[in-house]
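Okay, here we've got a single chain as structure tokens, the form predicted on its own, with questions on binding and movement later.
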């Protein structure tokens, strides 16, 4: 346990030292929320968004930025880099096992996602009158399952990528797909309906987050798909993962 604590402390310092990571995963979504929130027209209810304001409609997509960066961009590239440099192999010969490093990376990813989600909800509510999630339990469940699905995909990338470059070659297209179907690059109401439906079932399941945040409980099918992806991708990652 002491070894894990030391590794977590070191990995957290390394994460914070690279300013780009916290800036993109936490600050960027808040910045976009602030910019959009300062435009009065985007705070008014609109029938195109189900009588929600644009900022209410777009808030879950801002959370997708953090989820995608932490789970399918940063996590697999860091682990692949450690494998390439022999860090995981050397850890296997010490009391601090490679599993402790893997656990520390997951804790950092989860912590980043939790901080971003809380800040988006609190700042949105206090500064721009974005309602709190109407179904807190459903929102928490949708966030947990969506996060689990993306982390499992990130671990799967880390499992099959032997080097940093190969991890980036897989992670970047996956990252772009998650961002696109999550409505980050283009708000989902501007997409064709069939692309919106695909996005409903693409991790992290932005429609489930939107439903729980603004209307009612997320649909069970959306949650079930996220759970299935998490289990399948996680199982494949566990089977394929190598420390060296």
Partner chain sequence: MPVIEVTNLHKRYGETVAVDDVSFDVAAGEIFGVLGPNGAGKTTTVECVAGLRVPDGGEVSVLGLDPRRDATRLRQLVGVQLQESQLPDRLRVAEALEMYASFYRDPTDPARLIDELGLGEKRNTPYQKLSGGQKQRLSIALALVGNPKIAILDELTTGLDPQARRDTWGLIERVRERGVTILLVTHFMEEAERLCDRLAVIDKGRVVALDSPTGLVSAVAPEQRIRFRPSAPLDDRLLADLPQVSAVTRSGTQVVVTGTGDVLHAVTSVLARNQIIAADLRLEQATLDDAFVELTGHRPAE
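If you're wondering where the values come from, they're calculated on a predicted model, not measured in any experiment. Residue numbers count along the first chain shown, from 1.
This protein has a second form, the form predicted in complex with its partner chain, left out of what is shown; the following refers to that one.
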Problem - 4.5 Å heavy atom contact with its partner chain in the model of the complex for all of 46, 125 and 135 - result: no
Handout entry: 4.5 Å heavy atom contact, residue 165 to its partner chain in the model of the complex
Key = no
Handout entry: Touches its partner chain in the model of the complex: residue 87 (any heavy atom, 4.5 Å)
Key = yes
Handout entry: Contact of residue 231 with its partner chain in the model of the complex (heavy atom, 4.5 Å)
Key = no
Problem - Contact flag, residue 91 vs its partner chain in the model of the complex, heavy atom cut 4.5 Å - result: yes
Fill in the blank from the handout: Counting only non-hydrogen atoms, the one stretch of 126-134, 77-85, 151-159, 166-174 within 4.5 angstroms of its partner chain in the model of the complex is 77-85
Handout entry: Stretch 2-26: residues contacting its partner chain in the model of the complex, 4.5 Å heavy atom cut-off
Key = 2, 3, 6, 7, 10, 13, 14, 17, 18
